[in-house]
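A lone chain, given as C-alpha cells: the form predicted on its own.
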Amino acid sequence: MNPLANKTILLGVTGGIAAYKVPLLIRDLKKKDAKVNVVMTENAKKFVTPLIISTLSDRLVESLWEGGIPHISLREEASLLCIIPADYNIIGKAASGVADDLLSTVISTFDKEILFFPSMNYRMYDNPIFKKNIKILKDFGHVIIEPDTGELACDEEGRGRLPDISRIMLEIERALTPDLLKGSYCLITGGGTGEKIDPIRYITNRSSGKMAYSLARHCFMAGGKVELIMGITNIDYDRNLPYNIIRVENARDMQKEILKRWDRVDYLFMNAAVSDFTPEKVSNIKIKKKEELEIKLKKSIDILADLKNKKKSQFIIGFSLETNNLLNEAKKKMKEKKIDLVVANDVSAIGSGSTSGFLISKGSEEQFECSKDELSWKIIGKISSKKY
C-alpha cells in the first residue's frame, strides 16, 4: 500500500533556514508517486529559490493574484496541506485568523487536514505567546509535529530543528493512511536475544530486525500507539522515530519488558528471534582459546508459552521460522501457545527485504510472497478487519 500514490500534497513554505530541506522533501514525495504543489511566502524565497522549487514540483503559485482564484483551486486539488517549515509568524497568523497573503489565505480556506512543522530558535519556540498559539491550533484539530532537539542555525543547542526528511515523510504518510489501528496499543518485539557464555561471547538466533521495524512503521501509519522492544540487530533505525524503542539483551529481559506493558496491550507482534537455549553456566571471565570447548545448554524461557496463561483480550501475532514442515510446525505453535495469527516464514527471509510463507489463523491459510513492507500491510489488514 502506498498512501501517497496519486495524491496531491500542498506544501506551504515559510521563511526559515530549514526551508533548504524542502527540495529534498519534494523529491521523496515524487518518488512515492505524489503530485506536489507549493506556495512560498516572500521570506521563504530568500532561503530557497523559486526556480529550484518550480523545477522540482508540479506547480508553484507565488501570488494571491496569479490567475483565477489560487487559494480556492489549490485547496480543491490537495489531499493534505503541510506548512514546512512553519515559522513563528505563520503560526501566529493561523492561530489569529489573519489572511493577508497567499499562504495564510490558503490556510483560511483549507478545511482538510493541516500538518504544521514548526522550526525556529528555541527561545522563540518556548515563548509563551507561541505556546498559546500552538494550543489554539491543536484545539481546532490541526496536527503539530514537534521539532527535534539539537544544534540550531545559531550554533546553540535546543528544541527547534526541523525533523529529518524520513520522519517528515512518515508523518505525511500517516496523515493519508486509513486509521485501521486508531488508538490501539501495538507492542512489537524484534531482533535476536543473546544469552551470555562469558563477558565477551553469547549465543543468539539470526535476525536483522527489518520485519519488526517495518511493522512498527506501518502500525504507526495506521494510527496505532507503537512501542518496540528490540534485541540484537545489524541495522539501526532508532533515530528520529516517533515511537519508543526499548533495547534488551536476553530473553528474560525481553519478557520483563513485555510484562510491564501487558495489561495495556491490544496487539502483541512477537517477531523477535528469542533464543531457545541458554548456557547452564556463565563464566565471569573471558574463556581462553583452546582446542575444544564444551558448553552445556539448557532450555531458555518460552515467552509466548508463559503469556498464554495471562492472556485476556490481547491479540497475539506470532512468527514461526522453519527449515522443514513450515505449515505443520506453525499450526502446532499456534495451537500450543494460543496465538491468534501466525506468520510462517521460510528461513530465506532472514536479512532480506522480501519474504514468503503463510498467514495462518483459525480456519484460514493465506500464502504470500512479497516484500516485508507489503507483509506488514497484509497483517494489519487481517487484524483490523477481524478476518481471522
Ligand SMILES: Cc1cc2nc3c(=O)[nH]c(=O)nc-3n(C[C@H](O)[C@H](O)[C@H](O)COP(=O)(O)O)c2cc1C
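Predicted model only: the values in this text are computed from it and were never measured. Residues carry their position along the shown sequence, with the first being 1.
The form predicted together with the named molecule exists for this protein as well; it is not shown, and the discussion that follows is about that form.
Although the partner is absent here, G12 is not a contact residue: none of its heavy atoms lies within 4.5 angstroms of the named molecule in the model of the complex.
Contact check for I17: a heavy atom falls within 4.5 Å of the named molecule in the model of the complex.
Contact check for S361: no non-hydrogen atom falls within 4.5 Å of the named molecule in the model of the complex. In the model of the complex, the named molecule lies farther than 4.5 Å from every heavy atom of N37. Checking S283, N127, Q314, N89 for any heavy atom within 4.5 Å of the named molecule in the model of the complex turns up a single hit: N89. In summary, among the residues S119, N271, S207, T193, the only one with a non-hydrogen atom within 4.5 Å of the named molecule in the model of the complex is S119.
The stretch that touches the named molecule in the model of the complex, counting heavy atoms within 4.5 Å, is 44 to 52, out of 334 to 342, 44 to 52, 349 to 357, 318 to 326.
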